[in-house]
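To begin, one chain is listed below as structure tokens, in the form predicted on its own.
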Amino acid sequence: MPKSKLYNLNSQTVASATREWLLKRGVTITQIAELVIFLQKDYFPELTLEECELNVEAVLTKREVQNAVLTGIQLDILAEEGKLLPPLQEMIENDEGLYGCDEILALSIVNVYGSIGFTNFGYVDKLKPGILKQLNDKESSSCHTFLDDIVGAIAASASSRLAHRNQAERENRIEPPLD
């Protein structure tokens, strides 16, 4: 298919598709926010689900995040449909332990939010709380090799964003508008 010289994808189209595909794959903003509470409850005991949802929403506005979500979900779907070439098909379909590209894609999300995001991602990736446990269910007919890591990365990034903003508030610094 020839490339159009007039290609210009609207950012709102990408943002909408990201949210739609998360929902189609069974993931809500609230479920991701619950992971943020899990990660931050010991540091911010007064943290509300609504505040966590706002931070998740802010993370999802980043184009780099949207690109990772859409790419990972599409690879999971292609694996479900058996449309990848071997041995990649088998590696993604079975969430091969030595296949680390799913984590690498997720790390591209946390990379936007710094080192707290990296440590939080490793923690939730290991424990698989909440929605991550469901997405990691190997008995399911759905393939979520990429999605479980992506959701964990979004939660870890929202946690990092929250931690940095709370520190700035404690220091009475003026922060830029929500990103």
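Residues carry their position along the shown sequence, with the first being 1. Note that the structure is predicted; figures quoted are calculated from it, not measured.
Heads up, the form predicted together with another copy of the chain isn't pictured, but that's what we're talking about next.
Among the residues Ile131, Ile29, Leu47, Ile116, the one placing a heavy atom within 4.5 Å of another copy of the chain in the model of the complex is Ile116.
Residue contact with another copy of the chain in the model of the complex: Leu9 places a heavy atom within 4.5 Å of it. In the model of the complex, Arg19 stays away from another copy of the chain, with no heavy atom inside 4.5 Å. Mapping the unseen interface onto this chain, Asn120 counts among the residues with a heavy atom inside 4.5 Å of another copy of the chain in the model of the complex. When another copy of the chain is considered in the model of the complex, Cys143 lines it closely, a heavy atom lying within 4.5 Å.
The partner is not shown here, but in the model of the complex the stretch 126 to 157 reaches within 4.5 angstroms of another copy of the chain through a heavy atom at Lys126, Leu127, Asp137, Lys138, Glu139, Ser140, Ser141, Ser142, Cys143.
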